[in-house]
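Shown next as structure tokens: one chain only, the form predicted alone.
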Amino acid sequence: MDRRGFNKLVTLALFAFGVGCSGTTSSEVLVSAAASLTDAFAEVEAAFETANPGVDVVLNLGSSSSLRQQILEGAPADVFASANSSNMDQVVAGGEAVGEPTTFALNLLQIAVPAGNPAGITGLQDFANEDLLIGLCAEDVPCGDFGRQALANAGVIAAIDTNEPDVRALLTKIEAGELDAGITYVTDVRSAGGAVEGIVIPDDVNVVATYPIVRLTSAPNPDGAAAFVTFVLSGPGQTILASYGFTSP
């Protein structure tokens, strides 16, 4: 299906969905979402607003660990969408989640290199080469923890030159040619278009990222929060996520 057909399908589905949640009238829904959801949730935002006239989704994007800390410190938010379960578990333990979080997407890791792969990276073993400029996301950031887990699974001790605060910051440095390689998500390599290239990490050492979502106890707009979560889990929401390379749980 071409992009025009895809958009028509989603628009028709949104019309049907919007009738069911038209009671969502408060002006803002505050969504704290993992940085790796940036592009997908921008389209989810637009689609949800189309289905709910008068509603403004405000995205707060960053590392899941930073968002978790903000929520636990009392920052206003209606919804939390994390790139891993451990940060979500801490939000639940802190009494900030309404009910049980629901997994709404899965992702895989991929090596990202600048266009043309000037350093000739072939796999994770190259991350041990001290002559190369290697980047990871910082520890405690999901992409950083997952990247280190994949390297450990492959028996590689990486010569890391930089630890970036989130996956988009890492991707930006790779796009600019400031790094020879880094470990990001499949979806981030895809979002960069031709600015970076992806190198597959074998399944036996790769790590599956699980994305849970929940509405928050202190949500300023609880009805909007519930409607947004429902939309992300709905057919139209899942179709949008799949178009950016995420897979359904």
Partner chain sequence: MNDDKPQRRSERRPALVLVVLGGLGLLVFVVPLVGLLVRTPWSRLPELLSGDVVIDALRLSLVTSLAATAIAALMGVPLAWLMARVDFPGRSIVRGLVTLPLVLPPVVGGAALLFALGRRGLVGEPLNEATGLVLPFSTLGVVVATTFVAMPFLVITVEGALRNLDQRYEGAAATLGAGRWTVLRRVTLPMIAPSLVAGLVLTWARAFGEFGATITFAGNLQGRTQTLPLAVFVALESDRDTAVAVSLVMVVVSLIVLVALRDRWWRAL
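Residue numbers count along the first chain shown, from 1. Computed from a predicted structure; not experimentally measured.
The same protein also exists as the form predicted together with the partner chain; that form is not shown, yet it is the one meant from here on.
- Not displayed here, the partner chain is approached by residue 173 to within 4.5 Å at the level of heavy atoms in the predicted complex.
- Taking the partner from elsewhere, residue 161 is found to have a heavy atom lying within 4.5 Å of the partner chain in the predicted complex.
- Taking non-hydrogen atoms only, residue 140 approaches the partner chain to within 4.5 angstroms in the predicted complex.
- The shortest heavy atom separation between residue 165 and the partner chain in the predicted complex is within 4.5 Å.
- This chain is displayed alone, yet in the predicted complex one of 95, 118, 155, 74 has a heavy atom within 4.5 Å of the partner chain; that residue is 118.
- Checking 105, 112, 179, 79 against the partner chain in the predicted complex, a heavy atom within 4.5 Å turns up for just one residue: 179.
- With the partner chain omitted here, the record of contacts in the predicted complex names 179-187 of 179-187, 31-39, 53-61, 208-216, defined by a heavy atom within 4.5 Å.
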